[in-house]
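Single chain ahead, by itself, as structure tokens, in the form predicted on its own.
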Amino acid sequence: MHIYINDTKYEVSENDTIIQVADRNEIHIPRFCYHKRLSIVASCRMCLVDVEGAKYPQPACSTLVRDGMKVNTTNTSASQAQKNTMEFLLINHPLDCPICDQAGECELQDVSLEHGDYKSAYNEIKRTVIDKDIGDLVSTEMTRCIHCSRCVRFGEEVAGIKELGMTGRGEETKIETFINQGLSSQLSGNVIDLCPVGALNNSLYKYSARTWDLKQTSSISSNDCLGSNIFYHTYKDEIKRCIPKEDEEINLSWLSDNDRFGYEGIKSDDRILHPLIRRGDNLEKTDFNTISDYLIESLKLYSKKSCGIMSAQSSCEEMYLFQHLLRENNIGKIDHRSKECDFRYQKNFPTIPSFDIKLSEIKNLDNIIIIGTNVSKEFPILSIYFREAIKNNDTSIFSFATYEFEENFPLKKSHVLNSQELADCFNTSTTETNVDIDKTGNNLIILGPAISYLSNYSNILNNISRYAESNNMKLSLLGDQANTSGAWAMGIVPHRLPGGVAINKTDKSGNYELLSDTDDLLVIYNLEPEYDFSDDNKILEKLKKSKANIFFSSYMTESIKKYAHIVFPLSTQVESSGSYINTNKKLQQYEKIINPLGESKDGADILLTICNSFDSSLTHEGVKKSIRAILAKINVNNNFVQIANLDNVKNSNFLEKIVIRNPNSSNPTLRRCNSLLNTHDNDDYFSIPLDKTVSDNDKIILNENNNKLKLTIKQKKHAKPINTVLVKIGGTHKEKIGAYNTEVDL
């Protein structure tokens, strides 16, 4: 098929619309309501074009092409129709461009200049709309709204939560939230980008800079393992806002709120701005040479009794240098799995755990089983792909988790089970799973990061792997942090070097303890003891007893202030350069967006300097080449983790305590973003089974590992999982919560 636009011939497909053909061929047609990733409503009428044979101009967004069609976008008929529409849309629009944050990048400004008129026939008083508070992230100036309904359709079709709607008729038409609630979707910030005028604005950016003064720099997300692509906009060395960088393989045209607003915590009062050393009971300001010498002496003195624990938020370059520094000093106990307590699986784990299929292939799946993850909250971008799969392929999605939650896509069936039931459910040697699927279909199992916190993680992983293989399913492993895949590939584990090269050890039992009484030196890199370990009581007790505690950190916490002997001030991700490996095994580079605050430094720079003090000849470029060479040699066929002769974790009469994974606490910067926490993380609770009774007062006392924990949060009740108590705590813990998974007694 072919059509003619402005007398030029173009090849087209049967279901194309005029505007799609025009966009492919860079032919300008003005529009407001049309967006390539949303449904077509043809309500604004700005895209009217002249179609030969039609009595009146036709909307290009909703008019399907036909063979031989002749379209004109610039003749008198089309131009006059567009001018009339523009005049109508401006009837009630306020002339406040000088104070509008959208000025300079406003679609209404651009279209009115090209297709509007210098005068209007309307003299009536313009209407005004009283704004409502819809949350800390998105601010409103609804008098500017032209009712394109992009924000409404986004909520219904992409975010899966209809939070904004159109009410009233005629001049009383308004876009507003229902029953005066704020926006709560983890994707709510995308309405800011979608709004073609200045009606919906970024609250953190509002009135802080002009668009033409902003410098744009591309980067990647540091908040989940998907690695969404981002543009940061800066002014005077400050991040003013963040917008999506379109990527068809990852985040399409969208961003999660964590990625969009996650820079807020950079300027927290907790930032460490100088090198620190302990003198007496206090940490005092010092210089890098002094603390570097302290570290070097400690490595020499305690090399055989040392432990290095690194955050999987770190870049591949930091990871490579970290393990190189420690291993060159005979320290082999290196790990990134600070929230795990069961390591029996580790020798059988893939060199690079991954999603196994491209995100764009999700729409072709017949069945998806998600285990232990609340996709809508933990991986909002992934939920968009799930909704597309259901819409286009009628994909069936099943959920198995240790707590009940809501998703923004329909579930075929949802199961709430305790950790032992999860392992038994997929045990192919005993009973059949509750999921009845066609083995010949295109099927996928997705294992969420919260499962790795459980004390029987190895059993669950083994059973699910065997189940997936026997049912011809692929297995995807979602990482707990942004560079979890990179941590495995770079050898931030005790039993492997970079590239997955095994380290021969005498202990073949698979037993392993992250923290032990024999450790005299702890090197903790970008982790905060109160929040980032599987048992906060255990790590704090260890810090008390160890002879040297070396911290690399961007933020000060009570435990660092109390127990650190020296502190290297780390710059945050946006103040550094490096690379992450995302869940599709894609190495993505990011560059420094702003200069580090105070004397904080890029972790790779700090580690490189220390490494070279041991007569190394490493360079930044050399490290990058080594990483690329390591990754080029890795070949992972699947994520199956099958473990022979694996003992089951014994059941007991005690209650099992499970801490619900909090996506807003995945890294130190994110947990200090107050606007995000107020919007998405304001419900702390302790939930107990219906058959258990506790006092109705605010304090709940748990007996756990010979410790008594007192929680003063809201109480809830649940029917499932049985014999399990659930704890949900906000981004920055207000109190000790003990172990993420253990046995307790109320």
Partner chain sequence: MSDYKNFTMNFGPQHPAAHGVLRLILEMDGEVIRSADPHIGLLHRATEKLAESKPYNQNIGYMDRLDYVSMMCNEHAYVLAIEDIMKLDIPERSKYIRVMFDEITRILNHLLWLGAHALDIGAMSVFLYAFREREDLMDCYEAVSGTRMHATYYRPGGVSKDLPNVMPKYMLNKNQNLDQVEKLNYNREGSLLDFIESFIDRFPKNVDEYENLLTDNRIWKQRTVGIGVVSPERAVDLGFTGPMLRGSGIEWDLRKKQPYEIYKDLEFDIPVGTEGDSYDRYLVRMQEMRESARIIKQCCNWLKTDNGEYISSNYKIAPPDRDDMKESMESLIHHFKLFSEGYCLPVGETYACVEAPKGEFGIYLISDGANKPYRLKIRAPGFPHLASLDEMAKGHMLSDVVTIIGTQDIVFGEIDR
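Owing to the predicted nature of the structure, the values given are computational and were not obtained by experimental measurement. Residue numbers count along the first chain shown, from 1.
Below: the form predicted together with its partner chain, not depicted.
Q: Just one of Ser675, Thr286, Ser579, Ser112 has a heavy atom within 4.5 angstroms of its partner chain in the model of the complex, so which one?
A: Looking at Ser675, Thr286, Ser579, Ser112 one by one, just Ser112 meets the 4.5 Å heavy-atom criterion.
Q: Exactly one of Glu513, Glu599, Glu249, Asp117 has a non-hydrogen atom within 4.5 Å of its partner chain in the model of the complex; which residue is it?
A: Only one option qualifies, and that one is Asp117.
Q: With its partner chain left out here, work out from 98-106, 388-396, 251-259, 487-495 which stretch has heavy atoms within 4.5 Å of it in the model of the complex.
A: It is 98-106 that comes within 4.5 Å of the partner.
Q: Answer yes if any heavy atom of Arg210 is within 4.5 Å of a heavy atom of its partner chain in the model of the complex; otherwise answer no.
A: Looking in the model of the complex, residue contacts with its partner chain include Arg210, since a heavy atom lies within 4.5 Å.
Q: Answer with yes or no whether His93 is in contact with its partner chain in the model of the complex, where contact means some heavy atom within 4.5 Å.
A: Judged by the heavy-atom cut-off of 4.5 Å, His93 is in contact with its partner chain in the model of the complex.
Q: In the model of the complex, does Arg628 come within 4.5 Å of its partner chain, counting heavy atoms only?
A: Close contact is absent here: in the model of the complex, Arg628 is far from its partner chain, nothing within 4.5 Å, heavy atoms only.
Q: Under a 4.5 Å heavy atom criterion, is Lys413 part of the interface with its partner chain in the model of the complex?
A: Taking the distances in the model of the complex, the answer for Lys413 is no, it never comes within 4.5 Å of its partner chain.
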